[in-house]
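Just one chain follows, in the form predicted on its own, and it is written as structure tokens.
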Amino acid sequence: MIHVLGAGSLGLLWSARLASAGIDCRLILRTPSALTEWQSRGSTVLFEHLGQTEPVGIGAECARSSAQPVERVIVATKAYSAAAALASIAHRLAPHCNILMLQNGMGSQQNASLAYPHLKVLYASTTDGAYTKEPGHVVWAGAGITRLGDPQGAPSPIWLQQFVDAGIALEWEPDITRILWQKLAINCAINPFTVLHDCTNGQVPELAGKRLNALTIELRELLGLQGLDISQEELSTMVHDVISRTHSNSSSMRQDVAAGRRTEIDFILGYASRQALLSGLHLPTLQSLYQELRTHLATLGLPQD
């Protein structure tokens, strides 16, 4: 049994894909009312991909009321909700439980490792795109790949093979922390500008102007302090490659702002800024962008963390 913690777009996507492939999975919902609502829809998610929609039956349970042990759990919540979500099932985590973290940014993964040092906590970075049209209807908007690994350097657990057998694109990374830092830098270089200028990813180079290059230079310095041997040219190429491939996309941070939701700023720019300060690194472009974005969120009445 694989449990999926979180019934947002990513949680529903993973649940639907696992269930469609015949893998025994179960959603963990926060409250009894959420469970009642799920059951009123026939415990079914509408799974849409490439213009085709099919109903997929997925069992669900309430986080605190169920006593069933959790041996393998995919945490698919927002980064700021991950700690509380895991805490809600802490009493159910089996001694040999494996936890797979799917959060954006950095910080939530490390917090999980600190909170559950006796368990195997895996970190992941996914490029799958998904959104919910309406409650219980998830759209798999873009097929991607999930790169995952053990921050302690352990080999891939055998149970992950069932994902591969089911056609889910996975890639085991011996140094997953490096992958997460690279993605964090790319998100720092793109997401804040899409919010401040209310633009698609493809419009960032024009609207950000010289600040984008200045920010990339600073992010390269930060990556260097984390032990990532990457040249300025390589990082710039990575950033512009993502911008090109996702030209018409709206970043997740911009989508959150448009929907009036809390953003994951604290786990993207916030995390990068704190790590720079802890290292004694002065990164004026990054710091000013972080403060500008926080001010912008405040004017919209949204949380600044």
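Computed from a prediction, not measured in an experiment: that's the story for all the values here. Residue positions are given as counts along the sequence shown, with the first one as 1.
Keep in mind that the form predicted in complex with a small molecule is missing from the display, and what follows is about it.
- I190 is the sole member of V121, M106, I190, L223 with a non-hydrogen atom within 4.5 Å of the small molecule in the predicted bound form.
- Between the options T246, S43, Q275, S66, the residue in contact with the small molecule in the predicted bound form by a heavy atom within 4.5 angstroms is T246.
- Interface residue remark: T77 is not counted as part of the site for the small molecule in the predicted bound form, having no heavy atom within 4.5 Å.
- Although the partner is absent here, N98 lies well away from the small molecule in the predicted bound form, with no heavy atom inside 4.5 Å.
- Among residues of the shown chain, R72 is not one whose heavy atoms approach the small molecule to within 4.5 Å in the predicted bound form.
- The small molecule in the predicted bound form comes within 4.5 Å of no heavy atom belonging to C62.
- With the partner omitted here, the stretch from 49 to 57, 250 to 258, 276 to 284, 31 to 39 that lies within 4.5 Å of the small molecule by heavy atoms in the predicted bound form is 250 to 258.
- For the candidate spot formed by L5, R26 and S88, no residue has a non-hydrogen atom within 4.5 angstroms of the small molecule in the predicted bound form.
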